[in-house]
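Coming up is one lone chain in structure tokens, specifically the form predicted on its own.
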Amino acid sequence: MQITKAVVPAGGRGTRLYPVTKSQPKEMLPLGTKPTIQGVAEEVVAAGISDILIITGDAKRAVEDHFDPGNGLSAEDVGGRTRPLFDYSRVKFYYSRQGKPRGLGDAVLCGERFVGEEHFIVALGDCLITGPEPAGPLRRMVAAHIECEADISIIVQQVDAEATKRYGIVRPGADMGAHAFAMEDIIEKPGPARAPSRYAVAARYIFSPAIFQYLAELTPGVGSEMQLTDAIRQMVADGHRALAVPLEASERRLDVGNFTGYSKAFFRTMLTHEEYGEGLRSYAAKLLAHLRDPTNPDPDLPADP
């Protein structure tokens, strides 16, 4: 088996980030020096994907424009720093409009014709995975999925008890090699009292095409939306083989879903940036010292007034 296709859902309205997202897709908000969804695309391409379907929606044209090879900029426009985002002879981008946002399950269902009979990756367009090798988690998941002949594989992360209200949470089963364990169940946003573990879905999946039958039969779930988690749960109950692949200690999910998550993600990407990080860390330390004690110098004022 070879996995070469990815579906990237990017059709949500970003209401928790309003008014920033009134005319700007949340997936286009920068993390570090590039839009979030560009980092997602780079991640899946580095994992071996050659065909990417982005599921867009209302007021999302900026996403398509960003990945257009002919972006309208010449080298002279930006001081000679332009270059293609990707080798477009090796990766192709496709688009489908979700229409009315009806949940993640409905967004993935939009990719059925694109996927055909192949296994495929789903990578949410508003979340990055960072670490020493950003594509490392995806590569581990692809390898485990193929080796174990799985129908479902999911990257998961450990979260605190309170955060189980915000994510799909999996019930762990037996170890399946060095980097994965069997997934016995999954519950959408259960909360601490009902959570079967603290392993939360981390925005990356692999599915066999069997998922589409389950998605087509979904009824609205949590939040009156078509929940992908509900389809996964039914597949597991029906005996489809499911794996979970945990993030390692040096890997992080960065989420752009709300102002707190986006702020933390932006801080981390800029403060760890290869070119700008050292100077920004120095600035941040001085600013924090000033905020704690205003007698310390304000780094935004001249040192010698």
Ligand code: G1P
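All residue numbers are counted from 1 along the displayed sequence. Keep in mind the model is a prediction, meaning the values are calculated, not measured.
Keep in mind that the form predicted in complex with the named molecule is missing from the display, and what follows is about it.
Interface membership of Leu124, defined by any non-hydrogen atom within 4.5 Å of the named molecule in the model of the complex, is confirmed. Proximity of Ser208 to the named molecule in the model of the complex falls outside the 4.5 Å heavy atom cutoff. At the 4.5 Å threshold, heavy atoms of Gln227 reach the named molecule in the model of the complex.
In the model of the complex, at least one heavy atom of Arg253 sits within 4.5 Å of a heavy atom of the named molecule. This chain appears without its partner; in the model of the complex, the one residue of Arg140, Lys189, His119, Arg233 with a heavy atom within 4.5 Å of the named molecule is Lys189. When you look in the model of the complex, the only residue of Leu128, Leu215, Ala107, Ala202 with a non-hydrogen atom within 4.5 Å of the named molecule is Ala202. You can rule out all but one of 107-115, 83-91, 181-189, 145-153: in the model of the complex, only 181-189 has residues with a heavy atom within 4.5 Å of the named molecule. Interface residues of 152-178, taken as those with a heavy atom within 4.5 Å of the named molecule in the model of the complex (partner not displayed): Tyr167, Gly168, in sequence order.
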